[in-house]
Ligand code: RIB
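Only one chain is included here, represented as structure tokens and corresponding to the form predicted on its own.
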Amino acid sequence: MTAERTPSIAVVGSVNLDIVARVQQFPVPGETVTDAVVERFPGGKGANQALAAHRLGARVSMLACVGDDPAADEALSVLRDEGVDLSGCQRLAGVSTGLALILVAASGENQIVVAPGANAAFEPARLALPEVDAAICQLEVPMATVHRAATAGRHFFCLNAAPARAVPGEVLDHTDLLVVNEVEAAAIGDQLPGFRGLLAVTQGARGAMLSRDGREIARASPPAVEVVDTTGAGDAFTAALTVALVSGLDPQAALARACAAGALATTRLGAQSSPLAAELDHLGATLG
């Protein structure tokens, strides 16, 4: 990767502990399946994106809320071990750390149920955003906190509008990069055609498209990989695209790198499976 500088990035978002059950196939309503293998992983879209950006060489601060329970240490363990700045993570007394229950089928597809816990208590008054080149936010914390992250400062602001829900126009007006899949784009609805920033629409194995003012400026497809677990692929994509753009890559190169990051994240189990910069560089060299 050729970049002009190493960016500083604040990730404002969720921290969860993921309880992952691997099954051959998803149960239908009313069915019980008994072949599950259960594992525990750190997760949360905010934490996933913070780790992904850090692994790609950015200086990353994680701003989040966790509970005062043992799950908090477990949920933050990978971020702490790998050197992400956690000084902006707050422990809240009497609140549980966010928890995600995830089913992963043999195909790699997943189903997720989230109990937000402390993430829902991450109110705007708790957000102290440092001076950074970019901020990344998702929709697993209160919308008022997302709004503050978008409007507090002059940084490049990336919003990954996931999980799917409507987004206020004032937040979109302050968003430089909006990342959505097709379901999330539909949730934003009529506001999307008027969006004036960079819009990245992901389409899974079909790749992604980047546009500005309704005009396509880049399109890329992911490399072929053996999919193990799609959890966290969108988070790796979002972080990689933000880091690449803020580092100075042109839109086409940045989108291709983000698609590669998302694809590599699916080759490992767990939401915090994002690749290192060296892995992306090697993959790029292999693909020519």
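The first residue of the sequence shown is number 1, and the count goes up from there. Being a predicted model, the structure only gives us computed values, none of them experimental.
Note that the form predicted in complex with the named molecule isn't included here; everything after this is about it.
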property	result
Partner-proximal stretch of 80-88, 96-104, 148-156, 173-181 relative to the named molecule in the predicted complex, 4.5 angstroms, heavy atom	96-104
Listed residue that, although the named molecule is not shown, lies within 4.5 Å of it in the predicted complex (heavy atoms), from V114, L210, V132, L76	V114
Contact test in the predicted complex: N48 vs the named molecule, heavy atoms, 4.5 Å	yes
Contact of G262 with the named molecule in the predicted complex (heavy atom, 4.5 Å)	no
Partner contacts for 231-266, taking the named molecule in the predicted complex and a 4.5 Å heavy atom cut-off	T231, G232, D235
